[in-house]
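A single chain comes next, written as structure tokens; it is the form predicted on its own.
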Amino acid sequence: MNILVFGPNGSGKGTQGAIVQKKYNMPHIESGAIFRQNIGGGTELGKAAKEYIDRGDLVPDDITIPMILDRLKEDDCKTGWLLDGFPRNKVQAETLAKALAEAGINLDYVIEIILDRDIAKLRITGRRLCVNDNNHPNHIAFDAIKPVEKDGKMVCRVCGGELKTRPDDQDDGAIDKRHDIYYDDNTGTMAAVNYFKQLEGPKVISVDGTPSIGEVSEAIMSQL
């Protein structure tokens, strides 16, 4: 079972992806990790990508997509994978779909987590990241997943680990920039989601991201 997962920053996409990954024992592949693996390993694609990154430029699709395909062809992906963080726009969606077809790799499901933009922003500014596991949910605005207090400071409610914030999570401009890309239904990520909805083959699962983590997870699992 091969899955793409979409959701705006703040939707719980990473948490839900981790739940699916654990249930079906498949690798949860994040585009950022693929870049780090190739650059750290000194692959030819990694070297090419690093040149763009060092200049502050976006890595072009003709480098990014071969990296992703190479990862999806590794042994641990033979029985299924979940890809998170790519594609980010319609052109990438079209290019990825074509590359998967040419490689003989089926895309079975597309998971879309739907969340109002204002709610997504609130979730970002209030979230806290566990240094032990980023998928441990901690949020100062929601009682169900509030961090706990220990020795006078707030720690992870799951494991007691130290909490931190991403600097860009507290930057309104950075949040708006990320959301401008995601919610753009002409050329951005929403346009990519809509492209997959028009394709024959993959089943698109669209779920409301506003309920609890467990309820969202149940809605996804019931359709897989």
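Bear in mind the structure is a predicted one, so any value in this text is a computation, not a measurement. Position 1 is the first residue in the sequence shown; the rest follow in order. Rigid core: the largest C-alpha set superposing within 1.5 Å between the two forms.
The discussion below concerns the form predicted together with a small molecule, not included here.
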Of 193-201, 56-64, 40-48, 154-162, which is the one stretch near the small molecule in the predicted bound form, taking non-hydrogen atoms within 4.5 angstroms as near?
56-64
To verify the annotation, which of these, Gly80, Pro137, Gly126, Gly85, has a non-hydrogen atom within 4.5 Å of the small molecule in the predicted bound form?
Gly85
Partner-free chain; cross-checking the small molecule in the predicted bound form, the single residue of Asp180, Asp70, Asp168, Asp185 with a heavy atom within 4.5 Å is Asp168
May I ask you to check whether Gly173 falls inside a 4.5 Å heavy atom distance of the small molecule in the predicted bound form?
no
Though only this chain appears here, would Gln21 touch the small molecule in the predicted bound form if you measure heavy atom gaps against 4.5 Å?
no
Looking in the predicted bound form, any heavy atom of Thr15 within 4.5 Å of the small molecule?
no
Leu69: CA shift of at least 2 Å between this form and the one not shown after core fit?
yes
Quick one: once the rigid core is lined up, does Leu129 have its C-alpha move by 2 Å or more between this form and the one not shown?
yes
Taking 2 Å as the cut-off, check whether the CA of Leu199 shifts that much or more between this form and the one not shown after a rigid core fit.
no
Distance trend in the predicted bound form - C-alpha atoms of Ala103 and Gly46, change of 3 Å or more:
farther
Residue pair Ala103, Pro60 - Cα distance in the predicted bound form, closer or farther (3 Å or more)
farther
